[in-house]
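Consider the single chain below, provided in structure tokens and representing the form predicted alone.
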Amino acid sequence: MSDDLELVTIEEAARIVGKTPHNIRDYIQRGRIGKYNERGERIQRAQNGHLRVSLKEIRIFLSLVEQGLEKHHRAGLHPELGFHNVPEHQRTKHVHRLHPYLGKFIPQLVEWFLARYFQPDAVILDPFMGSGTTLIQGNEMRMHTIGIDISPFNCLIARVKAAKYDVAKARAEILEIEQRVTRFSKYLTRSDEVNLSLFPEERMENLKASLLDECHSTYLRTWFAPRALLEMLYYRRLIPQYQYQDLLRVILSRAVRSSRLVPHYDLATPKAPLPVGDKYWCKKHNRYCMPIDNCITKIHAYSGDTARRIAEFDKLRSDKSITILQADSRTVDLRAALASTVIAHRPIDGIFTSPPYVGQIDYHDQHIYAYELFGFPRQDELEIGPKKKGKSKQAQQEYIQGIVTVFRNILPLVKPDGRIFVVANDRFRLYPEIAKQSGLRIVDEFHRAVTKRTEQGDDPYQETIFFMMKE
């Protein structure tokens, strides 16, 4: 441990980093770096001559000061797990960015733990799969992965990320459907660039009317401008003509999400639609903006981006299996569900997961546009710890029971020395009790600063990664 922290005296640290001993003591007093003894153990007080500080912690803190990110660093946080220096394009590499998803962790966090605690060909389970980050990163690292989620839409995103494509054909389909909707959009705006004979006036009016007849959703009619609604309905109608239909659904869903009548700075949790054409002060762009009135702009942006991302992952993916189960982790018969897979009779080597945070997100509501557009069945009543139930003591107890039931159901398939990692913002300290009731012991806790979380602002908060094993 000492070697990892690079422990030195205050005077040695000051000399090495070009600061004064007073500066180093100030960092300690403000809780920016920790205090250690010679063995690398964290301490509150030290005898004269025995206090040590971590050169690694100091360098990371000073680097964050230079970047204006020092608010994300506190003593006791793991010096590597903030991933402060990982640029956005790596945090959202290849298919990890195919569709926005509140609450997902970055692939680098998964990679850090899987690389240190598991070997290639291991079987890794995520019983709260979400959009499938653990599954994709594990596959890239040559591990078999299993994901379980109650949400049909979450499973769609994960399946699309995990699918093996004929990349050239997928790209051709993506671009062809985009071009067809572009022609339709140009006719809607009476653009001179489109051959109007493709859409005779009478036929166009019939087409528009039939598209609107297919839209039975009050939500879609309310949250989208008329032109945007027609463009997305036309795209949806074309999807069955192609092979990679789920891939096209994810592109359309991503475009629809960004085409709602909402402020640019509030895509994640908008409260109400804005009037078409009304200006508003945009905190994101620091100027007056208007809500988007079309969908084709986003369809165009995300079509090329998606084709590029699936091609990137195709070069990196391994031949290890990815199994996606739409089920309730509390009740799923995992042994039966895996019976026809290549890992049917193998024990699970470990778990890497991030369960819902109590009272923080309504997971179905965050994608309401997709449920309304595609008619997926909703499973809201099966969510554990949804926002709508709040954070009361009763909600916390229901949450504990829900997570415990999941672990009790799946742990029999985890090998006796399996390693279990749970990412949690455990502000109510529920996980020690969850571990106890689940028959688990907490081996270690890793604390990290969470930064640059997509669409959730830059206010720092902390997560704990609990390392657990069976009792």
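These numbers come from a predicted model, not from an experiment. In this text, residue numbers run from 1 along the sequence as written.
Below: the form predicted together with a small molecule, not depicted.
Chemist: Suppose contact means a heavy atom within 4.5 Å; in the predicted complex, does that hold for all of Gly132, Asp149 and Arg330 with the small molecule?
Modeler: Yes: each residue has a heavy atom within 4.5 Å of the partner.
Chemist: Applying a 4.5 Å heavy atom distance criterion, does Glu173 contact the small molecule in the predicted complex?
Modeler: So Glu173 does not count as contacting the small molecule.
Chemist: Can you work out whether Leu382 and the small molecule are in contact in the predicted complex, taking contact to mean some heavy atom pair no more than 4.5 Å apart?
Modeler: Contact with the small molecule, yes.
Chemist: Is there a non-hydrogen atom of Tyr363 within 4.5 angstroms of a non-hydrogen atom of the small molecule in the predicted complex?
Modeler: So Tyr363 counts as contacting the small molecule.
Chemist: In the predicted complex, does Ser354 have a heavy atom within 4.5 Å of the small molecule?
Modeler: Yes, contact at 4.5 Å.
Chemist: Considering Phe128, Trp112, Trp223, Tyr187, which brings a non-hydrogen atom within 4.5 Å of the small molecule in the predicted complex?
Modeler: Contact with the small molecule in the predicted complex is made by Phe128 alone.
Chemist: Just to be sure I understand the contacts: of Lys387, Lys104, Arg91, Arg159, which is the one whose heavy atoms reach within 4.5 angstroms of the small molecule in the predicted complex?
Modeler: If I apply the 4.5 Å criterion carefully, the residue I get is Lys104.
Chemist: Could you tell me which of 321-329, 114-122, 251-259, 284-292 sits within 4.5 Å of the small molecule in the predicted complex, going by non-hydrogen atoms?
Modeler: Within 4.5 Å of the partner lies stretch 321-329.
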